[in-house]
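In the form predicted on its own, a lone chain appears below as structure tokens.
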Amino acid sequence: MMLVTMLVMMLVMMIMDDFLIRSALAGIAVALASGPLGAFVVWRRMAYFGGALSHTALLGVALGFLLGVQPGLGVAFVVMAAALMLGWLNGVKGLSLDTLLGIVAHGALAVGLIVTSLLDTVRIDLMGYLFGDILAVGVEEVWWLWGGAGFVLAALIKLWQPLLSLTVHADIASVEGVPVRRVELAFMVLLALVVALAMKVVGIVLVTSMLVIPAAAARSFSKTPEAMAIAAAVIGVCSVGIGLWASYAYDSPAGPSIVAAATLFFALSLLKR
């Protein structure tokens, strides 16, 4: 009942303020894309992979300013390039994935900080990029987020069955004719795109949380993979609503508030186990 009351109050406040409507639309777009994709992240134990990609985002921001293009485009390019490079290097003998993730994540973060320090003529709001600035989302950004989220969901629907087979057992999937390498690379690209989308909502530091926490919370309430994917999206959307309400009512940071709400859902899911 209290949750329903919070959501009703949130909706009333959104009617009053345009920037909250834009923030809610942006957050919902990210939640709808990250929830189902996050289910595969949880199943495949790839939380650190998402974290590594998020660390490369700062380099994308810095390169965007350096080259005079939108930082979001720079982030998307760098994160996708990092995902493809990790996918290629993962096949190199003698290199473990966790070692590669550590090298790429911290190497890209270091280079990003160096490039940022060299931009004397540009002022970069590092706090906004590190922890998100969803309340400052504009109309054009909302369209971009929904377009990106729609692309991710459409691609994930197409990849669902082969990706699910690959997740259950890679060798059997290969015998059944699943193009394992191509499906894995496609999944990594989608993951990179979601990281780029979520950065505006919760920031570089917390971006992995939108992939992992709603999906982890959904596991206790789901009996099928499809149900878990849907539940993860619903929990993500509710977390966005509650987080924005808390930010509006108590002047707390919006991005961390959204993550805290998702964590609360996860805590409640533990009671069902």
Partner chain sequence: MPPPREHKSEDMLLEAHNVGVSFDGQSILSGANVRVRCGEVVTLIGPNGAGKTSLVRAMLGLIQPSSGTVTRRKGLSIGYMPQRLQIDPALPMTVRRFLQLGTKPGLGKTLKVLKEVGASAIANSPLQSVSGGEMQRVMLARALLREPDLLVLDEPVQGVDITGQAELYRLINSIRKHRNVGVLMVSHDLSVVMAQTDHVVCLNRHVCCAGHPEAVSRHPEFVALFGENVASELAVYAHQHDHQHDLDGHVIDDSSDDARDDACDDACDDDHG
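Values in this document were obtained by computation on a predicted structure and should not be read as measured data. Numbering follows the first chain given and starts at 1.
Heads up, the form predicted together with its partner chain isn't pictured, but that's what we're talking about next.
Participant: Go through Val61, Ile204, Ala31, Met228 and name the one with a heavy atom inside 4.5 Å of its partner chain in the model of the complex.
Facilitator: By the 4.5 Å criterion, the partner-contacting residue is Met228.
Participant: Though its partner chain is not shown, can you say which of Val139, Ala154, Ile114, Val168 has a heavy atom within 4.5 Å of it in the model of the complex?
Facilitator: Contact check passes for Val168.
Participant: Is it true that Met85, Leu89 and Arg182 each have at least one non-hydrogen atom within 4.5 Å of its partner chain in the model of the complex?
Facilitator: The answer is no; none of Met85, Leu89 and Arg182 reaches its partner chain.
Participant: Pick from 42-50, 243-251, 64-72, 205-213: which stretch has a heavy atom within 4.5 Å of its partner chain in the model of the complex?
Facilitator: This holds for exactly one stretch, 42-50.
Participant: Taking the shortest heavy atom distance, is Val175 within 4.5 Å of its partner chain in the model of the complex?
Facilitator: Taking the distances in the model of the complex, the answer for Val175 is yes, it comes within 4.5 Å of its partner chain.
Participant: With the partner left out of view, is Leu164 within 4.5 angstroms of its partner chain in the model of the complex by any non-hydrogen atom?
Facilitator: Yes, Leu164 sits close enough to its partner chain in the model of the complex that at least one of its heavy atoms falls within 4.5 Å.
Participant: Could you run down 199-229 and flag each residue that has a heavy atom within 4.5 Å of its partner chain in the model of the complex?
Facilitator: Residues within 4.5 Å: Arg219, Ser222, Lys223, Thr224, Pro225, Glu226, Met228.
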